[in-house]
Structure formats: structure tokens, C-alpha cells
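Structure 1 and structure 2 below are two forms of the same protein chain, each written out on its own as C-alpha cells.
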Structure 1
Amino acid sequence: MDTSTALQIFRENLKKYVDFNEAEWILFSQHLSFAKLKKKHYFAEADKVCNKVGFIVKGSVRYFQFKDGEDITGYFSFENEFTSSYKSYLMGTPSHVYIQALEDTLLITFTRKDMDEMLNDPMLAYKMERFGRLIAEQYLCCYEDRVTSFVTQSPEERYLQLLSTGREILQRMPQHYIANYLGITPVSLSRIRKRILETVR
């Protein structure tokens, strides 16, 4: 995919948040970069500050942490979604997660420095504040649901809910990543699936 197509896709997706006029878009797009991540390469790494945000034009990533000698997958992002170790990006603190490309992935990125410059540019400041607000609010809503599911639902209920809403994750991710995402072990998820099948039958 060429960069101008990618930019066009990005701009189209941004309209959910802010609608830049031509002059603003020129200023904004000057702060954008492209990144090609080969499969299994990292967008962010644990113990390093993740100083950028990426928009996935093509591909997908998984978020994982390393604990007791194995990696635990906490989340995924797909095409037309943003990706970042958000807290690290916002606070400038080391990331706890690795963000890894699950396939060859094309991203449009901007750094924290870019964002700060835009927030301080009178021509862009207002729209960037708005952009930042709407993005953060959208992620907030997702997180709210996720936390709620851990507090009020059993692993089995969480899986059943994912079955009814999480098409993309279920289709594109191996099951042991999904198990991690649900907060259980792969073995346990396999048993839950068996239990559900037996109940249906």
C-alpha cells in the first residue's frame, strides 16, 4: 500500500474524532511518520518508554507482559485502531507491556513530542485537544466494560460474552492468547469450551 492511500484511510478514520480542514491537515500530517513492522517485531517493549502512538493501517498487534518466564497476552489491536502503551506514552514512564506485530503491519505514527508541538501550535491546539479527549474517552469506555467483566462475570461468562461480541478476536487469535485475555489459562479455556459444547448438545 502506498503512503498516500494510507494517509487517506487515516484521515477518513479520524473524522469520527475531528474533521481537519486542508490547512490543518497539512500541518497535522507533517507530524506523522510511517512505520513498517515485520511479524513478531515490536512497537513497544517492557521497561522502555513508549513515546508514540500508532494507527494500524494494515495488520494487527498483541499486547503482552512477561511474567514467571512466559508471556501473557492482555489485548489486541486491529486495522483502523490505535495502538500504544498508553500510560507509558501519557506519563513518560516505562511500559510494562510489549506490543508485537502478529503479521507484517503498517502503521502511521506520531510521537509524544509531535503531539506536544501540535498542542502548543495555535493553529492546531484546539482540535488536538479535542482529538485527544475523544480518543481517551473512547478507550475509557472499553476499559470500563472490561473491568466490569472481571468484577461481575465468571471466566465462562466472559468467554460467552466474547463469543457474542468478539468476532474478530476469536477468528484471528489463537486460543491461548484469548485465554490470557480472559484472565485464565489455555487449559482452562479448553475445558470451558468443552463444557459449553456439552451443555448445548
Structure 2
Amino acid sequence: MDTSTALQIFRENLKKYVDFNEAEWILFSQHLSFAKLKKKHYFAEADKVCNKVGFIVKGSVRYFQFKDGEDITGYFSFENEFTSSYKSYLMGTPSHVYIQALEDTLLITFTRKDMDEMLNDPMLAYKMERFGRLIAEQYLCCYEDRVTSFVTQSPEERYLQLLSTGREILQRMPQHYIANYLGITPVSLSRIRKRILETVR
């Protein structure tokens, strides 16, 4: 994919948050960079500051942490979604999570320094403040939904929710990552899938 196509995809997706006129877009795009991650390479690593936000043009990433020597999957992001260790990005503190490419992934990125410069630019300040607020709200809502699902739903209910809203995860992710994401073992996931298939028949 060429850079102009990638930028156009990014610009269209940004309209959900802010709509730049041509002069604003030219100025904004000067702060953007491209990053290509090979499969299993990292966008962010635990104990290191994540100073950038990425927009996934193509590919996918997995968020995970280590516990007792095992990695625990917390979330996934796909095309047309943002990715970052957001607390680390905002606070300048070391990240608690790893963000790893699950396939070859192309991202458009901007750093915290870029954001600060745009917030100080009279032409961009208003729209960048709005953009930053809406992204923060989106992260907060995703986090609350994730916590609520673990408090109020059984593993089978969480899996059924994935079937209805997250089919892309089921199609593109290894089964042991999906099980990990649901908070169960691969064996338990197989049992749940078998029960659901028997119910459908």
C-alpha cells in the first residue's frame, strides 16, 4: 500500500473525531510518521515509555502482560483502530503492557511531542484538543466494557458476545490467544464451542 492511500484511509477515519480542512490537514500530516512492524515485533514494551499513538492501516496487534511466566492477553486491535499504551503515552511513565504485531502491520503514528506541538499551534489547537478528548473517552469506554464483562458475564457469555461483535478476532487469532482473552483455558474454549454448536444444530 502506498503512503498516499494510507493517509487517505487515515483521514477518512479521523472524521469520526475531527474533520480537517486542506490547510489544517497539510499541517497535521507533517507530524505523522509511518511504521512497519513485522509479525511478533513490538509497538510497545513493558517497562519502557510508549511515547506514540499508532493508527493501524493494515494488520493487527495483541496487548499482553506476563504473570507467573505466562503471557496474558488483554486486548486486540485491528485495521482502522488506534493503538497505544495510553497511560504511558499520556504520563510519560513506563508501560505495563506489551503491544505485539500478530501479522505484518502498517501504522501511521504521532508522538507525544508531535501532539504537544499541534496543541500549541493556533490553527490546530481546537481540533487536536477535541481529538485527544474523544480518543481518551473511547479508551475509557473500552476499558469499562472489558471490566464489566468479567464481572457480570460467564466465559460462555463472553464468547457469545465475541461471536456477535468480534468475529474478526475469531477468524484471525490463534485459539489459545482467544481463550486467554476470555480468561479460560483452550480446553474450556473447545468445550464452550462444542456446546454452542450442539445448541445450533
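Structure 1's sequence is the ruler for residue numbers, which start at 1. Since we're looking at a predicted model, the values are computed, not measured. Between two forms, the rigid core is defined as the largest C-alpha subset superposing within 1.5 Å.
Remark: the form predicted in complex with the DNA is the source of structure 1; structure 2 originates elsewhere. Panel note: of P122, E137, D47, A23, the residue at the hinge between moving rigid parts between the two structures is E137; all others are over 12 positions away. Rigid-body analysis of C-alpha superpositions between the two structures gives a rotation of the smaller part of 12 degrees. Lined up on the core, R193 has its CA atom moved by 4.3 Å between the two structures.
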